[in-house]
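Coming up is one lone chain in structure tokens, specifically the form predicted alone.
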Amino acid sequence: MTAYDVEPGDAVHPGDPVQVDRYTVGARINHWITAVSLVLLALSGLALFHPDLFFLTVLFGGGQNTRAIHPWIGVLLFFSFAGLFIRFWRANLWEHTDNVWLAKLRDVLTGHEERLPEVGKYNAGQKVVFWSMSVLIIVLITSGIVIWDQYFSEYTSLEQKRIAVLTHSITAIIAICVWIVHVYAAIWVRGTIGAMTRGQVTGGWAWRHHRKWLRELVTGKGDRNTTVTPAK
């Protein structure tokens, strides 16, 4: 029945206004390492993708440095996102209400959230981003290894490299698009960025956007392994 919405560190603090802990310090650091890695990876990748974008290599000290640094940033992104995956995969499990939420996407875009089902810690849109990035990053790291000639050239054929380059490029473009949607949504829903910088949201924000999560948090009916203790 539970989607494990309540995670360790989630807590409600009575006050005016009520404050709700949404992300721990560790989760926020993990998130921003992933975010910065993704931006640097996109910039360096685009610089190598097309001659018209080669000017971006100046950000990394030139073309040779960009080519050398790019795959290592990819490794950092992979392990950083793996940390996020371990932290959040249970809260992103799909539920029937997520299908209803997607079916009412017009109400989401027009701000009529009162017509939507109660949402857990993450709504269907956030879950789509999470699982999309999970798959895309796996494809990026595997295809990237195939074309990382410095260490793996003797293990792959020319034909495999050609397929990997095409796969890597298409996947990277899709990942950048998903990232843009993620950033836009974070800016559009006021208070979301604050949650990833301060770790807290107001009770009103949680009630409006993630009512099921707040209800589970207050009643203690989230993950059976999680103890929810509001601050005194």
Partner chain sequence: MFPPLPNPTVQPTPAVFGEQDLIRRSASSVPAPARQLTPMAKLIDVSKCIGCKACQAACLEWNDLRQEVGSNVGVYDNPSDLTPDSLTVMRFTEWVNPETQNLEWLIRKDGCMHCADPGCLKACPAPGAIVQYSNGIVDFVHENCIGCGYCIKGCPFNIPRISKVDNKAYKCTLCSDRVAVGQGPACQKACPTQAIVFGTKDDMKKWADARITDLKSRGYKNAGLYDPPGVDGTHVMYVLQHADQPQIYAGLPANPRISLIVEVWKGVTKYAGLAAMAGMAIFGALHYLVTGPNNVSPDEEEKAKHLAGGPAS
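Positions refer to the first chain, counted from 1. These figures come from a predicted structure and were not determined experimentally.
Separately, the form predicted together with its partner chain exists; it is not shown, and the next lines address it.
- The listed set 58, 165, 183, 39 contains one residue whose heavy atoms approach its partner chain in the predicted complex to within 4.5 Å, identified as 165.
- Its partner chain is not drawn, but in the predicted complex it has no heavy atom within 4.5 Å of residue 43.
- A residue is said to contact a partner when one of its heavy atoms sits within 4.5 Å of a partner heavy atom; residue 26 fails this definition for its partner chain in the predicted complex, lying far away.
- The closest heavy atom approach of residue 87 to its partner chain in the predicted complex falls outside 4.5 Å.
- Contact check for residue 188: a non-hydrogen atom falls within 4.5 Å of its partner chain in the predicted complex.
- The partner is not drawn, yet in the predicted complex one stretch among 71-79, 95-103, 155-163, 124-132 has residues with heavy atoms inside 4.5 Å of its partner chain: 155-163.
- Counting a residue when any of its non-hydrogen atoms is within 4.5 Å of its partner chain in the predicted complex, the hits in 193-208 run 202, 203, 204, 205, 207, 208.
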